[in-house]
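A single chain, nothing else alongside it, follows as structure tokens in the form predicted alone.
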């Protein structure tokens, strides 16, 4: 379980080169390409769940996110290009850059490929709380409980069957491709494009989502939390004039079933 402190922003497609140049020059770190496949699951509606337990305490049903790293070699329109930060601006259309059939095969453990990193990359299983409330907060703070699925055993082993045994069904999937910067004090800055796999459309068309974050190991480690918050605020000040880092609406990050977040990611 970690406490994730974060700030968000966005830029348009034309500002990409300037943002990367600013980050590289100001912080002396190079961008690293990454791609993630995230699947979101909800409780199976065919089963009834009691609203309260034996102590009359409210039980809230929560979505679960299961994700894994994707090899950049699976992007369909690379066509022999060098895989570096120059690739991202070429992915500015609605077209899903990875074949959705391959995504389905990955989820169902049916992929046969020479790309070993697909099968060797484990799924990360995460449940998150709604970010902490408070009008005086300067950064978003969210509790995230995460574990690694080491193996889905059995003759029909797959992520789908694993989640089915937990009485969860698939709700939607999304693909994230971007670049990240690892800064001092464990601050990470991600610049990303996001596609809705189900509709095969780009959520971030004409721009990029920016996420800056750091993790505190325990909610009781106030020194680490305060230090992380201060470093994010320092970054916010350093980037002022280029991007405006802000706290997002906490409801957009709420994974509870009671809140209809319109498939927020």
Partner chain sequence: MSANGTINPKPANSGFQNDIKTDYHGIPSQALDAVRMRLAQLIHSLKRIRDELSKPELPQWYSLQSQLNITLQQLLSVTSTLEHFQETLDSSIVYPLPQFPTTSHENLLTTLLRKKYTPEVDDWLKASREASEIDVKSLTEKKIKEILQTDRDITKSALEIFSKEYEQYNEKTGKEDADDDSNMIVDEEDRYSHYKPTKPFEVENVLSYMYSGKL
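Numbering follows the first chain given and starts at 1. Please read these numbers as outputs of a predicted model, since none were measured by experiment.
The same protein also exists as the form predicted in complex with the partner chain; that form is not shown, yet it is the one meant from here on.
**Location of the partner chain contact in the predicted bound form, chosen stretch of 221-229, 205-213, 66-74, 23-31 [non-hydrogen atom, 4.5 Å]** = The contacting stretch is 205-213.
**Asked** Quick one: is residue 162 in contact with the partner chain in the predicted bound form, heavy atoms, 4.5 Å cut-off?
**Response** Output for residue 162 is no: heavy atoms all beyond 4.5 Å of the partner chain.
**Request:** Could you confirm whether residue 186 comes within 4.5 Å of the partner chain in the predicted bound form, counting heavy atoms only?
**Result:** Contact check for residue 186: no, nothing within 4.5 Å of the partner chain in the predicted bound form.
**Message:** Contact with the partner chain in the predicted bound form for residue 123, defined as at least one heavy atom pair within 4.5 Å: yes or no?
**Reply:** No, residue 123 is distant from the partner.
**Item:** residue 249 within 4.5 Å of the partner chain in the predicted bound form, heavy atoms
**Value:** The answer is yes: residue 249 has a heavy atom within 4.5 Å of the partner chain.
**Asked** Along 125-144, which positions have a non-hydrogen atom within 4.5 Å of the partner chain in the predicted bound form?
**Response** In sequence order, 128, 142 come within 4.5 Å of the partner.
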